[in-house]
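Given as structure tokens, the chain that follows is alone and in the form predicted alone.
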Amino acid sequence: MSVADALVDAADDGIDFDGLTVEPYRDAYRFQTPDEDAVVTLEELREHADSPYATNWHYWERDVGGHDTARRAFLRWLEGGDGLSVPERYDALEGGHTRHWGELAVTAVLGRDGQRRYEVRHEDDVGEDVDAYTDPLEARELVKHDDDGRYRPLSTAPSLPHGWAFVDLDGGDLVETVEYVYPATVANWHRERAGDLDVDHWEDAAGRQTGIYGVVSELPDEALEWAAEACCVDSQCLKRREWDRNGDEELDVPRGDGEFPCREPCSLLVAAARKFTTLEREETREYTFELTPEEKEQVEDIVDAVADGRTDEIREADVYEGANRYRARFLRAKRMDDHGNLSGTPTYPEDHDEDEADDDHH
């Protein structure tokens, strides 16, 4: 139905939306916007169909619909529908209005008769010539692996591959594409805004684990904070953590700055926590290593580079970087024995002593 026909069809019941009011008035109709207040006949009402307020009403109420749905709320958020006036939004949409969702850049553009068309791509690829797609289902395969071909076990990790764009989408296809890239993020974001996000805290999630994962409920409190610091920050996951140890005890770890919330510990964290739990069962020992001050700092540089995923960025020629491959190989050649022991110091000296005794006996 055209905008004009839709206006006429809705006039008797009245319209009150985004600054537009249309209502019966005596033998005519009142057409009101922040910029205009006119009494018009039914035919004159048709002539107002090209008003931005009319086309905006038609798009949201007749094309999008779905009041109180996550889809509608997300599309409104994309163009600032809850804070900008219709003329302000139309001005922005004329040139394409972009917002970011994780590593995605989502752009809304004003089309004919107030229609919106959408485009989504990696935020680093804005303005770049990349492969174009229109079927949302293809997004599921495109984002399974990172740029180096490695499988992405966590969909919200900041490792989204480059080189693609989904173009000329309607609102439904746009939301479907985003959900294939970042599953459930739009739905949980909407629930949070409505105050209905059901947060599942660590103690409840850990208590439900069975089999080999049942041990995670034994993870010490301090180690849980270290686990969240390792796995649940912006450099590792783009969600904003909303769960804590329980409903009364918060973790002293940054929650992240993502647009969409994390409502429960994910399966990847639970799997890591299983290993962390067994690691925390070990008693500490004292070891004596011989290292120069620069070698000690180099070991620390290597740990930082691995933890932050920077090893691929350090070139062979960067020999002043502690985590440089040649520097690391030089340290290994100098400080590790044939059994891989740092400074020749065995991990379990008692086993080492027994092996030497057996060698002497034979």
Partner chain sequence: MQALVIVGHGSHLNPGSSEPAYAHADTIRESGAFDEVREAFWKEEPSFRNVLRTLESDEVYVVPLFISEGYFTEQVIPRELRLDDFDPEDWESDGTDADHVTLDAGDVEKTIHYCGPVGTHDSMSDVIVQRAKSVTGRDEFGDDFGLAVVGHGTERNENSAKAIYYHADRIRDMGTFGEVQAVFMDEDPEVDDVTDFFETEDIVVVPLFVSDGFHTQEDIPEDMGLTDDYRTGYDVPSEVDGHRIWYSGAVGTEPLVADVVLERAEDAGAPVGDAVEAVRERTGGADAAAGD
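Worth saying up front: this structure is predicted, and the values here are computed from it rather than measured. Here the rigid core means the biggest group of C-alpha atoms that line up within 1.5 Å when the two forms are laid on top of each other. Positions refer to the first chain, counted from 1.
Heads up, the form predicted together with the partner chain isn't pictured, but that's what we're talking about next.
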Partner-proximal stretch of 85-93, 122-130, 154-162, 222-230 relative to the partner chain in the predicted bound form, 4.5 angstroms, heavy atom
154-162
Heavy atom within 4.5 Å of the partner chain in the predicted bound form: which of V215, A271, L142, V167 fits that? Just give me the one.
A271
May I ask you to state whether A184 is within 4.5 Å of the partner chain in the predicted bound form, using heavy atom distances?
yes
Close approach of Y180 to the partner chain in the predicted bound form, 4.5 Å, heavy atom:
yes
How about S235 - does it come within 4.5 Å of the partner chain in the predicted bound form, if we only consider non-hydrogen atoms?
no
Is S267 close to the partner chain in the predicted bound form, meaning a heavy atom pair under 4.5 Å apart or at it?
yes
The partner chain in the predicted bound form: within 4.5 Å of a heavy atom of each of N188, D198 and T210?
yes
Does A132 shift between this form and the one not shown by 2 angstroms or more at the C-alpha, the core having been superposed?
no
